[in-house]
Ligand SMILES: Cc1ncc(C[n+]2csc(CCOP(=O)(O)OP(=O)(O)O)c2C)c(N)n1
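Taking the form predicted alone, here's one chain by itself in structure tokens.
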Amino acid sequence: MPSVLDNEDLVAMHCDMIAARATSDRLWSLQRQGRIGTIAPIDGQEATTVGAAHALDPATDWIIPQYREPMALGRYGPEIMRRFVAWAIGHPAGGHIPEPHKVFPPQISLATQILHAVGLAWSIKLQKQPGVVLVFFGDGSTSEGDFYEAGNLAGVLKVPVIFVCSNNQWAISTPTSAQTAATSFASKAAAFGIPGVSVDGMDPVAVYDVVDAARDRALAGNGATLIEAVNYRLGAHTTADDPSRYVPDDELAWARERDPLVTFRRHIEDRGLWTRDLQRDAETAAETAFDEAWAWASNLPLKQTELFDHVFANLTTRQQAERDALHDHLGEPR
């Protein structure tokens, strides 16, 4: 795995992947207890998210996630986890971007975040600000018009955006073979006039390297890159899904042998960087971090009119009227 990463980076990446899996497992359990709403597990896609995040600078670079990735953004600070858990609970605080953090709230509208990413990157370019924008989306999003509109605009404007398509082989129950006739999702970059790269999304170092190169390209003023991170969804699409109805058993068994938490652990063990004690400590730290995030989010005071906050900088006339009406109905002071 040739890379500029040092040993501390490799260990940190593995710790972030462990934390992501632990968070995914805990949220799954809480949903089954009826304590949160529907969530999307990250199992199998940790390496893609962690590798990409570690190639960015949290002080200048923005991340626009879909609905899994915040679990694996430990590099961007514990506040991201707290806000994500609040989002899972359904609290309005989950939709807030706290300063100075540069991670958008998760969203579930297929592919719409790709347009937001290009708009943000265009703003960065116009204002001559430092940094790039990285947006995550799934293979199913590439069938949406928003993907093509955003990619075309990014190519024309040469904005500093990195598109990361997490090709986990299934768009809910639709396999990749039924999603596109293209040779790869990366090949779609040709329509936008930008580079397209396919990478092993189960290898965080490989993902790091291609994102790092795409970031250098964007910072040099050469525009966008489309990266297809080929991984495999090891669990359900969401807690409302039953993958046993459509995922072949032998295919899933093959993918589990390439589980990034297992293969990357073996890699750093072979390099003498990881031990059973470190594994135990990392798992304990992950559980503690989630407990703290859960305690913070579940004890947030709830003011129902906050659902109008952080939608627009200034409420529209209609939204203000609706907020006032809800204030009056609840008897809350304005």
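Here the structure is a predicted model, which is why all the values come from computation and not from measurement. Numbers follow the displayed sequence, beginning with 1.
The form predicted together with the named molecule is left out here; the points below concern that form.
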Non-hydrogen atom within 4.5 angstroms of the named molecule in the model of the complex for each of 23, 39 and 83: no
Per-stretch contact check against the named molecule in the model of the complex, the hit in 141-149, 119-127, 155-163, 73-81 (non-hydrogen atom, 4.5 angstroms): 141-149
The single option of 219, 252, 110, 206 touching the named molecule in the model of the complex, heavy atom within 4.5 Å: 110
Interface residue in the model of the complex among 91, 237, 258, 101, criterion: non-hydrogen atom within 4.5 angstroms of the named molecule: 237
4.5 Å heavy atom contact, residue 290 to the named molecule in the model of the complex: no
In the model of the complex, residue 67 touching the named molecule (heavy atom, 4.5 Å): yes
Heavy atom of residue 210 within 4.5 Å of the named molecule in the model of the complex: no
Distance check, residue 172 to the named molecule in the model of the complex, heavy atom within 4.5 Å: yes
Partner contacts for 37-52, taking the named molecule in the model of the complex and a 4.5 Å heavy atom cut-off: 45
